[in-house]
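Quick heads-up: it's one chain on its own, the form predicted alone, in structure tokens.
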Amino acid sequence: MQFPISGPAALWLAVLFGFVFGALLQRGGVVDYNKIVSQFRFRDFTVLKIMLTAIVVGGIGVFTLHGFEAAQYHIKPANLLAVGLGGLVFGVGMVLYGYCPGTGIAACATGSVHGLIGFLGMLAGGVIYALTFGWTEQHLQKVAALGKVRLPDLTGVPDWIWFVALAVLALAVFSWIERIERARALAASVPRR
């Protein structure tokens, strides 16, 4: 099955979806620096809820499109050391910046000056990575490199079972978060003596 939109129309559609995505981030409240910092302080789980929702909804979309042969998987090599170090840099940067790249750009669109400064930092980091790519490719990406594999390939467990397990895990985390938030609300409503 061929996707009905291609070429320049698909690019404009991607731009439209990007604006919608940014608007939804704004509507969800995750372009607020304090909301993201509160997630890292375990005081507000809005970011985690939005991320889990996006993973499950996106997974359904990818799984469905792939099933109808309207999309193909583009597997990146599983270079565990490089990905682990990249994740560490990303995590530290997100804690210091108070935004992930998507919410940082959306914050820029709302006029956030510190969002813009962090965005310029992301661009500088991208340039530094591009300039050092030869070295990282030679020294980091070859360590613990598994190639272009996926969990279903490594385990023999079908895609749909992995996806169902992910969805069940997401629902369990949602339930856990709801219990925590109810307990906090109850504790806050009890008058102190």
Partner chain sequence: MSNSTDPSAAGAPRRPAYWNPYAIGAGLGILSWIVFAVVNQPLGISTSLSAVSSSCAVPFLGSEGVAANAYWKKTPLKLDYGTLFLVGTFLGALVAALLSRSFRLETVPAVWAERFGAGSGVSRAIVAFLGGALVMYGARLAGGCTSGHGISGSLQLAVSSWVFFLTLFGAGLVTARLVFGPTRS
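Here, rigid core means the biggest group of C-alpha atoms that superpose within 1.5 Å across both forms. This one's a predicted model, so the numbers in the text were calculated from it and none came from an experiment. Positions refer to the first chain, counted from 1.
Note that the form predicted in complex with its partner chain isn't included here; everything after this is about it.
- Using a 4.5 angstroms threshold between heavy atoms, A165 stays clear of its partner chain in the predicted bound form.
- Residue contact with its partner chain in the predicted bound form: R182 places no heavy atom within 4.5 Å of it.
- Put simply, V143 is far from its partner chain in the predicted bound form: not one heavy atom of it is within 4.5 Å.
- Remark: F68 does not count among the residues lining its partner chain in the predicted bound form, judged by a heavy atom distance of 4.5 Å or less.
- Applying a 4.5 Å heavy atom cutoff to its partner chain in the predicted bound form picks out L48, K49, I50, M51, T53, A54, I55, V57, G58, G59, G61, V62, L65, A70, A71, Q72, Y73, H74, I75, K76, P77 from 47-77, in order along the sequence.
- A displacement of 2 angstroms or greater separates the C-alpha positions of I75 between the shown form and the other one, with the rigid core held in common.
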